[in-house]
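This document opens with one chain alone, in structure tokens, the form predicted on its own.
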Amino acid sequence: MINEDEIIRYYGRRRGKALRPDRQSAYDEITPWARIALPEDGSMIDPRTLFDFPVKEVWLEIGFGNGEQLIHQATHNPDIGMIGCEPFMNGVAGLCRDMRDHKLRNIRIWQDDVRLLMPRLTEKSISRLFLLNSDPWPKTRHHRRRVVQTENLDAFHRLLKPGAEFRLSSDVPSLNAWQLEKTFLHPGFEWLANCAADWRTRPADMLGTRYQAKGLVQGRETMFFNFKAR
């Protein structure tokens, strides 16, 4: 697990084009109360305390893009606290716009690398983890930049309650093989698939995103791998 004394090198984009006025205004309105700030004294955070009302569970999504899936889950699970991690400013602004339009209060935002947040969250405090269509980093020399690495799986397992779901997806065959092998071989996770349909079919409670639809048109079928924390 990464500790705060180590240097975290982030390789993805943090900002794209200038924000449109509606996204900028939503960002300015939402982030003051929704963005997570770590205590300066280095103390641990029970993620349930990040919300201003009692939540039944806390779910975490790493790399939420424009936030479509996060908005879907928050809307359909109003008693669940959702934490979304995304360093890309434009994606965060898009999420803020939808949070404002849907009047959602059960989402909190970590606008940085998730490896900086995970060590500060209390053990066994997350009930579901989403890692959906992450950057495949296709070049061999860049494979160490992929999110699914043994050290990150260790950190995920520390955070997940026993029996919690860990959901992964990708439409890139090489990344699917990588994620499946790494997670399957990790002693902290159990693969829940019984047949091919289990990884070829999107879970019923998940949204089909625009990114996934675009990939399908281009001949890239998204695979879904559901694991359970032991």
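Note that this is a predicted model, so its numbers are computed, not measured. The first residue of the sequence shown is number 1, and the count goes up from there.
Quick note: we don't show the form predicted together with a small molecule, though the next part is all about it.
Mapping the unseen interface onto this chain, residue 113 counts among the residues with a heavy atom inside 4.5 Å of the small molecule in the predicted complex. In the predicted complex, at least one heavy atom of residue 135 sits within 4.5 Å of a heavy atom of the small molecule. Contact between residue 210 and the small molecule in the predicted complex is found at the 4.5 Å heavy atom cutoff. The small molecule is not shown here, and in the predicted complex it never comes within 4.5 Å of any heavy atom of residue 129. Contact annotation: the small molecule lies within 4.5 Å of heavy atoms from the stretch 56-64 in the predicted complex, the single such stretch among 190-198, 56-64, 33-41, 158-166.
A single residue from the set 121, 96, 107, 85 has any heavy atom within 4.5 angstroms of the small molecule in the predicted complex; that residue is 85.
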